[in-house]
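First comes one chain, alone, set out as structure tokens in the form predicted on its own.
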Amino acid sequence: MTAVLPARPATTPGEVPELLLEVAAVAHAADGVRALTLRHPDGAPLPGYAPGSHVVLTCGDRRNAYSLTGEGAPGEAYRISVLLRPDGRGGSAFVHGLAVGDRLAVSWPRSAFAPVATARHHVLVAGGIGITPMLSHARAAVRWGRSFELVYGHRPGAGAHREEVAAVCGERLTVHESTPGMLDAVAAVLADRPIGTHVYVCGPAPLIDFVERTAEELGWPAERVHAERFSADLDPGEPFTAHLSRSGVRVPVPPGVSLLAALEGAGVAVPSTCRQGVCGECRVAVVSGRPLHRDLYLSEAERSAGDAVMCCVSRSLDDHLGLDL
């Protein structure tokens, strides 16, 4: 078997090595949604991944995270589907401009939304382009014989991978093309599923908020509710102070202002690229206090360690956070 080698190996703890991949195929997945198949230029097998994983693409001068839609088996091509942003800019525009044969740097897959193997049943809830990680979940569930169902809501005629999802899920799929119908269906499902069920939701922020709020009202344990958000569309957060251990400087971080922005405003330069919590560029070591992690980069083990924070989106659980700056 051909060895899988990173195009750029990791050089710092927690850094994700990159692969140089080639666009092998481009397809139309829905109105405004482009599906790409990425392979190793030499045909080498790609690393496997947990269902619901994402990769970070270097899109020109920025890096964006996109969910993988495959089941995660080692060796298979990586497939992503990207919705073009209304303003026609950013990473989505870069991806929509790619053609077969183009090459780009792609991180190894990162898992931040994996299914719980011990769950008795899996309820998958997808809104719009949020279907991408759910397609990965569904494929893997079929492969491993897991009990699951998928509730998919989208605008009329805008269902990405609609036929593909139907082929994978069969009768376990229900589709809704109106918001009220979708929310009613989700509420009914959450009110009538066996103990041990886990729910996974990806889509617009209002849908995620509805699922989390409804599950809480119905008495679902928080550890059985899992959400994957598109980006760092986050609440303003509580104020705190960043203590810079090297200089002794204290930087106040008010609500609605990111730690990164506060540091920059105080004249402290921190490398950054995506500013959405996905690329890992603005990682800073934590020496005291408890980070409030809101990124899509750190693994669960790294989050539990509490010794690093992505300062573009994350905050502090305490009134102070000591940083190695």
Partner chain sequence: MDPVGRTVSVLGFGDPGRAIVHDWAAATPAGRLTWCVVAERADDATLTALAAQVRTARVGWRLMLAGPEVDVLAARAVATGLGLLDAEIRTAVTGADHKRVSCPHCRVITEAEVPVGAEVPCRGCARRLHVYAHVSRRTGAYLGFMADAEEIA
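Residue numbers count along the first chain shown, from 1. It should be emphasised that the depicted structure is a prediction, and the values quoted were computed from it without experimental measurement.
Omitted from view is the form predicted together with the partner chain, to which the following refers.
Contact annotation for Arg224: at least one heavy atom lies within 4.5 Å of the partner chain in the predicted bound form. In the predicted bound form, no heavy atom of Trp108 sits within 4.5 Å of the partner chain. In the predicted bound form, at least one heavy atom of Gly196 sits within 4.5 Å of the partner chain. Among heavy atoms of Arg120, some come within 4.5 Å of the partner chain in the predicted bound form. The single contact residue among Ala205, Ala167, Ala191, Ala73, judged by any heavy atom lying within 4.5 Å of the partner chain in the predicted bound form, is Ala191. Distance criterion of 4.5 Å from any heavy atom to the partner chain in the predicted bound form singles out Gly219 from the list Gly219, Gly248, Pro86, Pro180. Remark: of stretches 96-104, 134-142, 211-219, 73-81, the one touching the partner chain in the predicted bound form is 211-219 (heavy atom within 4.5 Å).
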